[in-house]
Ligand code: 5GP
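Quick setup: one chain, the form predicted on its own, written in C-alpha cells, and binding and motion questions come after.
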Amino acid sequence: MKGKFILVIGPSGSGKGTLINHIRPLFPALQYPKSSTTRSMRANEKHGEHYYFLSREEFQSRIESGDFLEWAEYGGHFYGTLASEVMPLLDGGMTALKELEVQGVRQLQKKIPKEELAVIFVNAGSWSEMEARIRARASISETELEKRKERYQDEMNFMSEADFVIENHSGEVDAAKKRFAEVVESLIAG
C-alpha cells in the first residue's frame, strides 16, 4: 500500500509550526522530508539535518535533471523538495508531512496521485489578525509586510481547495492543536 504525503499550508504567522511541533511526539512514525535551499546556513543549522544547503549552480542543475518534486524562489534564494526525500517513503507505505507554500502544493498536485496527498490549510483569520501576529513575532519592514499581504491573499484563495481546514484564531490554539492531531491521525490510519 502506498503512503501518504500530508502538506500543511497557510499564511505566514498562522501557526503551522506550532501545530506541527505539537504532533511530532504524538506520531513518532511520521516522516519529515527536508527541503533543499541555496540560502546560507545559519549558526544553529547543519547540512542534512535542517536543510540540504546547495550552491545555486547545483540547485539549478538538479531542477534541470527533474530531481525536485517542487521548488520556488523566495527572497532571491531557491527552496525545494527533492523526489528522493519523499518518493521512497510513499513507496514504502509511510506517511510524510511537510509545510509548504501554495506554489509548491500546486506543483506536487501535478506529480503525486491525489490518493497519496492530503492538504491541510491552517486558517488564522483576517489579514488584520495575521498582521498583528506577524508584527508581534519580529520587527518587519513595511515593504516585507506588503509582500506578505499579497501572499496572504493568494493563500486564502487556495483554502477552498484544501482537503481539511484547521481554524487557528487568536486564543484558540488548544482547539486547533486537538483538531490538527485528529486530522493527522485519521490520515495515518488511512
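Basically, rigid core = biggest C-alpha set you can superpose within 1.5 Å across the two forms. Heads up: residue numbers just count along the shown sequence, starting at 1. Note that the structure is predicted; figures quoted are calculated from it, not measured.
Separately, the form predicted together with this ligand exists; it is not shown, and the next lines address it.
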| property | result |
| --- | --- |
| Interface residue in the predicted complex among Ala83, Ile112, Ala72, Met94, criterion: non-hydrogen atom within 4.5 angstroms of this ligand | Ala72 |
| Output flag, Ser35, Arg39 and Lys98 jointly within 4.5 Å of this ligand in the predicted complex, heavy atom basis | yes |
| Contact flag, Arg137 vs this ligand in the predicted complex, heavy atom cut 4.5 Å | yes |
| 4.5 Å heavy atom contact, Arg148 to this ligand in the predicted complex | yes |
| Exercise: Tyr51 in contact with this ligand in the predicted complex, heavy atom 4.5 Å | yes |
| Shift of Ala138 between this form and the one not shown at or above 2 Å (CA, core fit) | yes |
| Rigid core fit then Thr37 CA moved by 2 Å or more between this form and the one not shown | yes |
| C-alpha of Tyr52 moved at least 2 Å between this form and the one not shown on rigid core | yes |
